[in-house]
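Given as structure tokens, the chain that follows is alone and in the form predicted alone.
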């Protein structure tokens, strides 16, 4: 059996033709499944009985299973989903005034080893397949019971998206497909720690790019983000310039503020210089503390001073509001809590 959610529209057409079926059936199936939420072939009334009987033996609709859902007092909703191999991944719905954003995972764990990241402590267990990425969206949308629609997707959950670039970009194409979900690619953001050779793939697929900067010198970035030893700041920023030339899209630079590590006023001035030739905005992220990380969150006064320095230099700067603290919303925390207290975790 082939998982329907692993197939792009073109692949589904080819699959059906290979089984002696008309390729236009693929668009029918996409509409039933992605637009109407119907996976029971018996309910697909504009498809012949013979086709329905045959297709149910070659296609299935397996999705990650939601094993726990937690709702925060601030409206954030976090999901723990089980995937093949006895592993769990996390997704988070984040409400805002004019949007509802889903943060999705691309891997079980992560190989990048960023020192401040909770998920990095897991190491890389495996990369998610396409159906496990698309399935996070479908499960989250289903939980809303038709009351709201997810408007944006960010690949900022567990894993490094560009370490699983083929499956991530294919999932983006499926989520964008107009006879299916029809989500604009400009509402999909791929965040990377800096796998330079794959950044052009984000431009090629038409998604927006976010880059985890997190340091302003190679010396510090080498320590907190080991990927920098392979692709240093100079290579990373050059790839960002090329992304802009190809896409004409502004880049988001994410900057996790670590007290005494990268939060000095000199760091703020260096950010201005590093990004001066790249149309961009800066997302400041005060560190979300977790046990044994070895890092400390700066005070609100220090965060404000850092932000003001950037703004005075003409940068577009936002400070990301920490949400979902009461439901372990930081990447990897809910999964870790389940391992410690499995009896607490149920749908």
Ligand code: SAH
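Note that the structure is predicted; figures quoted are calculated from it, not measured. Numbering follows the first chain given and starts at 1.
What comes next is about the form predicted together with this ligand, which is not displayed.
Though the partner is left out of this view, residue 280 does not reach within 4.5 Å of this ligand in the predicted complex, counting heavy atoms only. Contact between residue 287 and this ligand in the predicted complex is found at the 4.5 Å heavy atom cutoff. Contact annotation: residue 180 falls outside 4.5 Å of this ligand in the predicted complex, judged by heavy atom distances. For residue 132, no non-hydrogen atom is located within 4.5 Å of this ligand in the predicted complex, even though that partner is not displayed. The contact residue chosen from 256, 93, 237, 251 relative to this ligand in the predicted complex is 256, the criterion being a non-hydrogen atom within 4.5 angstroms. Put simply, of 83, 175, 156, 140 only one has a heavy atom within 4.5 Å of this ligand in the predicted complex, and it is 156. Exactly one of the stretches 229-237, 85-93, 209-217, 196-204 approaches this ligand in the predicted complex with heavy atoms within 4.5 Å, and it is 209-217. Residues of 111-126 that come within 4.5 Å of this ligand in the predicted complex, judged by any heavy atom, are 116, 117 in sequence order.
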